[in-house]
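First, one chain by itself in structure tokens, the form predicted on its own.
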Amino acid sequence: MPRLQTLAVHAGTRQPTPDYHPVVPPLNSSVAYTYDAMVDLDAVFADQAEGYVYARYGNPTVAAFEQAAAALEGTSAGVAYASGMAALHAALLAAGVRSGAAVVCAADIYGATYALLSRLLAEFGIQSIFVDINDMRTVRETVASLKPAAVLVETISNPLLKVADIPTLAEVAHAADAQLLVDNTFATPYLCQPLAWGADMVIHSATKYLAGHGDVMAGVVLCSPELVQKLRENQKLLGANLAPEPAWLAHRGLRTFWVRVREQFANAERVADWLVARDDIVQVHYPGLLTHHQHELARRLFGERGFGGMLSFELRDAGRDQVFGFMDELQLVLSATTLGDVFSLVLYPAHSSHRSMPAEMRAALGISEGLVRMSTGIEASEDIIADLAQALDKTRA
């Protein structure tokens, strides 16, 4: 009989394989895994058998989330990361972006993505060219002459809500032997599955709509099994793994994804329609509006499923102080640097999501000092609109 101190370490840790299945996937936080025979452990290390050996190589809880996210994007494979930016960086590496290579990227892109390409990757000898992704002539010419390793776009851009013509971009990228990488965070797989339109890899900040409750930071790349193998090998070396606990929470959030986003997207349409009628709003950016210059493209890509839960709007004659005043007056809608939550949220791009982008570039893109980005939640649309109305009225007064 082992001594008490030995029992304290080992008792209850080797449970027999059960013949039942829990309704909710369990949280498995073990760092390492053991086998009855060393040859079995060796086979898993050699990728000759399915299994787990070490958390940096894979984890059952994380794998369950990866499988669920991949299924929503219409594929069988994916790799999860500790954040959306880690997922984006991993996708670029798997696409062959390294010293001497080039990336053609949408100019209207998330600020941290712009900083990653223009600062960090530039230090490693990677050239990034930013183009108006809706000027297809310029895109074709740039990709054809530069021969980039990757073309990077957002399905719906942050924060001006431009829509990427994914089928045409896939054709342009592949003609130059480049891979098309699509950040699908804003659109979500509810609206669009970029892989079905020809994209090579789809990236999500799972912190946002996939997890959906503002309590998880995670990212995921969805693609073919062949590309997943590259991603997995790189992940073993880089160690940007998603931990089991946030993976479990993200998977839990994913189970309500379908009902959440339908309400969020419907609310966004109602808010956008209401904002358009305000004389203190200069412009509303939302692809669901008939006046949006890419409304028909959005309808072609998204079908009848809606146009997303994100919009942005510009306060008339407003700068930083006026925008801050408006945001301070909000009582229901929260000011926070995230999106896709069940709460309605607003953000000031000039000081938050696009703070790392030079002011002159923001201005050239149309990200004005009066621009506000909004993520609609699942509250009653009447309550969201009432809160926006009282804040706008007080700001104008």
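Throughout, we count residues from 1 along the sequence that is shown. Quick caveat, the model's predicted, so the values are computed rather than measured.
This protein has a second form, the form predicted together with a small molecule, left out of what is shown; the following refers to that one.
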Practice item. Could you tell me which one of 89, 208, 260, 251 places a heavy atom within 4.5 Å of the small molecule in the predicted bound form? Key: 208
Review point. Which listed residue (283, 83, 322, 134) meets the criterion of a heavy atom within 4.5 Å of the small molecule in the predicted bound form?
Key: 83
Practice item. Decide whether residue 110 counts as a contact residue for the small molecule in the predicted bound form under a heavy atom distance cut-off of 4.5 Å. Key: yes
Review point. Might residue 185 be said to contact the small molecule in the predicted bound form, defining contact as any heavy atom within 4.5 Å?
Key: yes
Check your understanding: So in the predicted bound form, does any heavy atom of residue 371 sit within 4.5 Å of the small molecule?
Key -> no
**Study point:** Touches the small molecule in the predicted bound form: residue 217 (any heavy atom, 4.5 Å)
**Key:** yes
Review point. Check 154, 158 and 339: does every one of them have a heavy atom within 4.5 Å of the small molecule in the predicted bound form?
Key: yes
Point to revise | Candidate stretches 199-207, 270-278, 295-303, 115-123, one within 4.5 Å of the small molecule in the predicted bound form by heavy atom | key: 199-207
